[in-house]
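Presented below, as structure tokens, is a lone chain in the form predicted on its own.
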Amino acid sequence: MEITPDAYIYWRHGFAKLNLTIVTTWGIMLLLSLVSWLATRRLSTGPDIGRWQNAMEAVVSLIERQTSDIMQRKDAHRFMAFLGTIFLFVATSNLLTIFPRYEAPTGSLSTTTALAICVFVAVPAWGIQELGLGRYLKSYLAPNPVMLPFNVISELSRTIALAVRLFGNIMSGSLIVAILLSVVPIIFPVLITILGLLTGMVQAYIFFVLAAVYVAAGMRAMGPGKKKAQQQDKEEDLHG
């Protein structure tokens, strides 16, 4: 068994290649798009709501409530498209491991790194939108300019940790199941597969929570300073 689905290559031309990670990633995106289309093609606000719409509303409400609780913001719906998509992709990717011979794309470091980079870009994007470019950049100098390199290293290290944590847990789970299948081919691997599904969902939730926490922290980067600056702006306006 290969450690990562990147090793299964179907087509290669120069630097370009099509491997199992890309195939399963696009397959999951098509699956999520199909389910979304089925759930929203006949939207209704009346008492006769379809099963697909009912299930979709339950999932969206759950994600929105969790996002609001974690970020402690009333405008949690602003982050739903990004955080919800990440959670659904990772959760679906991990749930499909119940099918034999399926290799989750989250078991590839390239996939988890891409997801972590999305979070890495989203944090300053929303931070700058909330605080402004100058105030956001000043957060890297807090509590004093000496901390600048440490704050930058912290940003990079947590992105790496986000990618490696998800990759390591999914890859190790798949590896353990494969080893047990070769040793005890019936009962024990089934139990480990069930445990792996639970672990996969927990890892999807942890990734979602950490992404929400990082985005919220980036938007509060200048919390006290922002309030002080706003107070100064008000005083300047009053004194004319």
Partner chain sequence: MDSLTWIGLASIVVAGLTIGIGAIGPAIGEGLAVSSALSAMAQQPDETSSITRTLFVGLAMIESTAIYCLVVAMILIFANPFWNYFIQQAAQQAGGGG
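Predicted model, so just to flag it, every value in this text is computed and none were measured. Residue numbers count along the first chain shown, from 1.
Beyond the structure shown, there is the form predicted in complex with its partner chain, which is absent from this document and is the topic of what follows.
Chemist: Counting only non-hydrogen atoms, which stretch in 29-37, 55-63, 42-50, 197-205 is within 4.5 Å of its partner chain in the model of the complex?
Modeler: Looking at the partner contacts, the answer comes out as 197-205.
Chemist: Can you check whether Ala212 is within 4.5 Å of its partner chain in the model of the complex, heavy atom basis?
Modeler: Taking the distances in the model of the complex, the answer for Ala212 is no, it never comes within 4.5 Å of its partner chain.
Chemist: Spell out, yes or no, whether the shortest heavy atom distance between Leu180 and its partner chain in the model of the complex is within 4.5 Å.
Modeler: Residue-level check for Leu180: no, no contact with its partner chain.
Chemist: Does at least one non-hydrogen atom of Phe167 fall within 4.5 angstroms of its partner chain in the model of the complex?
Modeler: Looking in the model of the complex, residue contacts with its partner chain include Phe167, since a heavy atom lies within 4.5 Å.
Chemist: Can you work out whether Val121 and its partner chain are in contact in the model of the complex, taking contact to mean some heavy atom pair no more than 4.5 Å apart?
Modeler: The answer is no: Val121 has no heavy atom within 4.5 Å of its partner chain.
Chemist: Only one of Val146, Val152, Ala161, Leu133 comes within 4.5 Å of its partner chain in the model of the complex by heavy atoms, so just point that one out.
Modeler: Of the candidates Val146, Val152, Ala161, Leu133, Ala161 is the one lying within 4.5 Å of its partner chain in the model of the complex.
Chemist: Heavy atom within 4.5 Å of its partner chain in the model of the complex: which residues of 58-84 meet that condition, in order?
Modeler: Gln66, Asp69, Ile70, in sequence order.
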